[in-house]
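The form predicted alone is given below as one chain in structure tokens.
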């Protein structure tokens, strides 16, 4: 079943013939070890604990988070750079990491925000997305993945203050550089304790050609592991918005924030109806104990599935 879905998804997005499609590369997407993702989350928690309980924009915990992620990627052979910007009288930072090889005129990008709110350590929001894409990046190196397309990752600063980091990055690109980015996948909150399984709705304005194919690919990833999904309109509340506004196709997954899980959703996904997906959203209790490991694991696997299929 997974073989058929991966091949169909590769054909759907690239328009390739069966002979041209890179099905073996798509099928090689690794099963991401959730224990590794949890280890990254533990590191983010330790950084917050050592720096006033948070990893917020302009605070030392945020810069420590950037430096730690950068060190992991540098050791794995990525080309990294830290982009600084200013907001609210404080310096913010984005971390950009490029995987070697691939067509530089055909870039697939994955990202998530690394900052927390000042109230807490931000482990689900958004340590989970940040840790998951980090582990997926490290597995590219570990499995010697050789994508046809160029792969780039971004960890964004000051998302909690209005998507400041991702906007700074996109606005820094020339028109030619923007045109080279063919897809951006965003992962913001992928381990909510009372999780839903949501995929960004490609019909959310502004509609961009190519977004529907990304939506369908992420849905296929969940289908391949037996998980039902629902579409969600994020309404520009995360970093994909900066890319979509420039005509770049975007997609992503989400396990829910302050909204309430319905009875129908609890029957479908488990968990507790009438309760928020994340009762600790933007609170001090958003710690490592505020993560559903099953949701974290499933989303990490789908991230890898989508990347391997899209970049190959």
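Residue numbers count along the first chain shown, from 1. No experiment lies behind these values; they were computed from the predicted model shown.
There is also a form predicted together with a small molecule; it is not shown, and the following applies to it.
Figure note: of the listed segments 209-217, 79-87, 170-178, 156-164, the one touching the small molecule in the model of the complex, with heavy atoms no more than 4.5 Å away, is 156-164. Contact annotation: residue 188 falls within 4.5 Å of the small molecule in the model of the complex, judged by heavy atom distances.
Residue contact check for residue 94: none of its heavy atoms lie within 4.5 Å of the small molecule in the model of the complex. Mapping the unseen interface onto this chain, residue 268 falls outside it, with no heavy atom inside 4.5 Å of the small molecule in the model of the complex. Proximity of residue 138 to the small molecule in the model of the complex falls outside the 4.5 Å heavy atom cutoff. This chain is drawn without the small molecule; in the model of the complex, the residue among 277, 254, 243, 44 with a heavy atom within 4.5 Å of it is 254. For the residues 227, 202, 234, 151, the 4.5 Å heavy atom test against the small molecule in the model of the complex is passed only by 234.
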